[in-house]
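What follows is one chain in structure tokens, specifically the form predicted on its own.
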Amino acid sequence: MKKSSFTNFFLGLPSFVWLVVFYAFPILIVLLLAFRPPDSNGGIGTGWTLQTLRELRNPSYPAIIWRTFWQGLVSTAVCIAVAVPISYQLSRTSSQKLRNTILLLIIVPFWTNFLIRIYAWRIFLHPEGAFKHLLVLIGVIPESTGLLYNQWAVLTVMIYTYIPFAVLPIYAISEKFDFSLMEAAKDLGASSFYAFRKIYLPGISKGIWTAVMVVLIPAFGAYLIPDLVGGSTSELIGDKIAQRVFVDRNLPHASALSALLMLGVFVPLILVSCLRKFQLKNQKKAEFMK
């Protein structure tokens, strides 16, 4: 047993070192920079201060923070809601050729530069574009409605961009799911929706939580999408971080905003993880009492 633990330690050591050097250290540096003063030349000043944290009380920040979180959460929820049925149908498809074709169509957007895809959406949603004229012609929207430079344009492009990130991890778990369990539930009188909700969804929960993290984190940190299709009224925290780094050259303020964003991502995930562990513990306790 000791030999096995010793072997596992050395097998996992490279990954642990990689995570510490390239993830833990950079995060620690960002947190520490938030307590340093900015330099007049765009660098890091000497000493330590809380002034940068006090500057986060900027009256425009609450609206930006709220916009960042609700758009990130909504885009993640929509991506998961679309990815789950897609992954389900893909996993049930018997034709391997059809399955590979659909997966290829999902992955194809990754072959195009991210910036090119955003500009393609700008053309598609342009006020003088064919799509806008079509919607006006069939009476869906009035002539005065703008499809570009608003929060809904940002949300639409974010959902389009991150759907593949949700489909792939959920499909990877769904492909290994034992669908005979659902058939057994139906034989025992369960409806298709009940079997889907009580058996399939819990069975792929790991894939769903992976997809949530993979989508939620970049959605919270997005800045190119709101900058190019949202305009000045649709700024997110990512836009402010980019502005502080590239325009204002205020690295401590950018670090403070980044730390705020990290807390906004990690705290809910930790709480949800603790809640799930608590529920599993109570479930096992209830089963033991029976």
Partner chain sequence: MKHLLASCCAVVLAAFSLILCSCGKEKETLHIYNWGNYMSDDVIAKFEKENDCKIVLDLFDSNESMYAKLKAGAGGYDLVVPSSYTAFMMNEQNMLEHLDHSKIPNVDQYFDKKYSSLSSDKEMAYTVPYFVSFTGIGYNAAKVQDFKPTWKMFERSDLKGRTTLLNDPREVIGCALRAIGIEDVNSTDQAQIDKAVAQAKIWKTQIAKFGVDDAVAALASGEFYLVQNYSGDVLQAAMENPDVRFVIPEEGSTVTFDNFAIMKDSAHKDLAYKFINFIYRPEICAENMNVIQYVTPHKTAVDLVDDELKNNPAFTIPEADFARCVPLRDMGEKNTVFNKAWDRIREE
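Nothing here was measured: the structure is a model prediction, and the numbers come from that model. Positions refer to the first chain, counted from 1.
Missing here is the form predicted together with the partner chain; even so, the following discussion is about that form.
- Using a 4.5 angstroms limit between non-hydrogen atoms, residue 152 is distant from the partner chain in the predicted bound form.
- Residue contact check for residue 228: one or more of its heavy atoms lie within 4.5 Å of the partner chain in the predicted bound form.
- At least one heavy atom of residue 43 is located within 4.5 Å of the partner chain in the predicted bound form.
- Among heavy atoms of residue 186, none comes within 4.5 Å of the partner chain in the predicted bound form.
- Each of 59, 126 and 233 places at least one heavy atom within 4.5 Å of the partner chain in the predicted bound form.
- Only one listed stretch (96-104, 76-84, 126-134, 164-172) carries heavy atoms within 4.5 Å of the partner chain in the predicted bound form, and that stretch is 126-134.
- 247 is the sole member of 263, 50, 247, 29 with a non-hydrogen atom within 4.5 Å of the partner chain in the predicted bound form.
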